[in-house]
Each structure stands twice: as structure tokens, then as C-alpha cells.
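Provided below as C-alpha cells are two forms of one protein chain, presented individually as structure 1 and structure 2.
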Structure 1
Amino acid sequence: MRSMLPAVAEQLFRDIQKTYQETSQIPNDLLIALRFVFGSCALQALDLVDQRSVTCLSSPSGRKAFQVTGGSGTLYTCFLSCHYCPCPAFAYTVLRRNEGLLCKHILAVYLCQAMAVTQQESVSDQQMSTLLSRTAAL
């Protein structure tokens, strides 16, 4: 998904990855930068990271997708190579108003990947197809 982000955001995730690998923490200056770049959804995304809400699903074909468990337990399927989330915030803020780069769920995916705290789960090829094609969140 990296190529869909502006350089400043990519650099920020690289810094978080490096620092978290070394110290298992995200220092305040990076948290402030995160809030500056992504606005209010940064805090909500960090909350999702704390709850280990992001799972990388893999099927025998090799296809992968991310599944994010929202605050209310709703499951959102996000793609590996481009930005899409079935949540209302993505449709309204990102797609319609063009006011944000991404929603808290996709940001949580980036953060979990950078911090290497993504859960792993296997599903069948058919289950993967159903998850990828489902139009609404579960």
C-alpha cells in the first residue's frame, strides 16, 4: 500500500518501524507527527493497535487481506495493495469529502505492520473470496 501514501507519511511509518524495533515504544515526537499528518483518526488507530485489532488473513492460493476489528466488534476487510475500507468514515471523509488520506482502520493496518504486531490467520480460498467480495462490514 506504500505507493498510495505521500512521502511524509511513508517516512513517518519507516521512523516508527525503526524506533519501535529498537525500543518497543513510539516516542512523543513521532506520536505528535502521526497526529499532525493523520488528524484525529491517529489516536483511534493507536487504540486499535493496542487492542491488536489487525489480522492478516492468508489463503492457500497465497492471497492475503487485512481484517480489522472495529471498536464495536465489526469486522472490516482491507486490501493489501490499495486503500479501501467498507467503513462509513472512509466513504464519507476520504471518498466524498476528500478530507483525509485514510480511515482509522487502514491507519491501524499501517501501524501494526510497522510495529510487527499484526495477528496472522489462515482461511480457505473460498472464505477469502467471500471476504474480498463482501460489500458491507461484518
Structure 2
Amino acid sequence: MRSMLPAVAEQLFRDIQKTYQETSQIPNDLLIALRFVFGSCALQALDLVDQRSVTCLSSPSGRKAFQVTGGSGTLYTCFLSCHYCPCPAFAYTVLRRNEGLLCKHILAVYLCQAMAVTQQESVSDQQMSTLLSRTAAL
């Protein structure tokens, strides 16, 4: 699947993945780059990663959704395939004002995947269908 992110963001995630695999940490230069590319939500996303707040839900049909527990405890269901999160920050900052690429929840998903620390959970196709239906109703 082709990412909808700018090339600089894709390269940054590749660099983080490579470095994290080798050293189990993200060096300062990549942290600074994260802040430069993604702004203030970078630190909040890293906090969500540290808290292991991201779970990948996978169904037998191959569908995937990510659930991220936000700082307030609210559970957000995010979709990387269309870069969607139902949080207010995504609606306002990303969609309405076009001032950011991602919200902290979607950024946390990308970071967890790059660092291979995403929690995994299998769900049935019926459960995934229900989850998608609930999200579409928001």
C-alpha cells in the first residue's frame, strides 16, 4: 500500500525503524526531525508510544484498524489506509485548518510500527465489521 505521507515523513519513519532496530532507541537528531516535521504533536505521540497505547486489530479477511488510547483515556479507532482519526484535533487541525499532517494518535501508530512495539490483537470479521460500522456513524 502506498503511503499518503510526504517523502520526508516516509524517510523519517524508515530512519527511525532502522536505528531503533539497531540500538533500541531514537537518537536526538531523529527526535528533532520528528518535531520539525510533525510539530507539537510529536512529543505527545512519543508519550503514547511509551505508554504502549497502540493496538493493531487484524481480522482474518486482512482488514486492519488501530486503536489508540489517548491521554484522557478515550479510545480512538484510527485507519492508516485513509489517514483518519475521529479525535477533535484531527478534525480541527488536520482537516479544517490544514495545519498538520497527522494528529498525535496516527503519528503514534506510525511510530509504533516503525519501532515494532505495536500491540497485536486478532478480531473476527464480524467484530471488525461492527467496529467499522460504529466508526462510520461518528
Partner chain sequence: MADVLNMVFRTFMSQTGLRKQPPVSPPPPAAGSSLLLGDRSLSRSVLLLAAVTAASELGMRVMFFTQTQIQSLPVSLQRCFPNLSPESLKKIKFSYPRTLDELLQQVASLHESTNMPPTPPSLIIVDRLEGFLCGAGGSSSSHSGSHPAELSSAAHLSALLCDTAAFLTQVLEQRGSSSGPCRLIASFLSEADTGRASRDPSGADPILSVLDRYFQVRCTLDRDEGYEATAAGVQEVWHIYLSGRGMAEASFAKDSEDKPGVAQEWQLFVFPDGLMEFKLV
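In this text, rigid core is short for the largest set of C-alphas that superpose within 1.5 Å between two forms. In this text the structure is predicted, and so the values were computed from the model without any measurement. One-based numbering along structure 1's sequence throughout.
In this comparison the chain labelled structure 2 is the form predicted alone, and the other chain is not. Annotation for T69: C-alpha shift under 2 angstroms between structures 1 and 2, rigid core superposed. Remark: with the core as the superposition reference, the CA shift of P60 between structures 1 and 2 reaches 2 Å or more.
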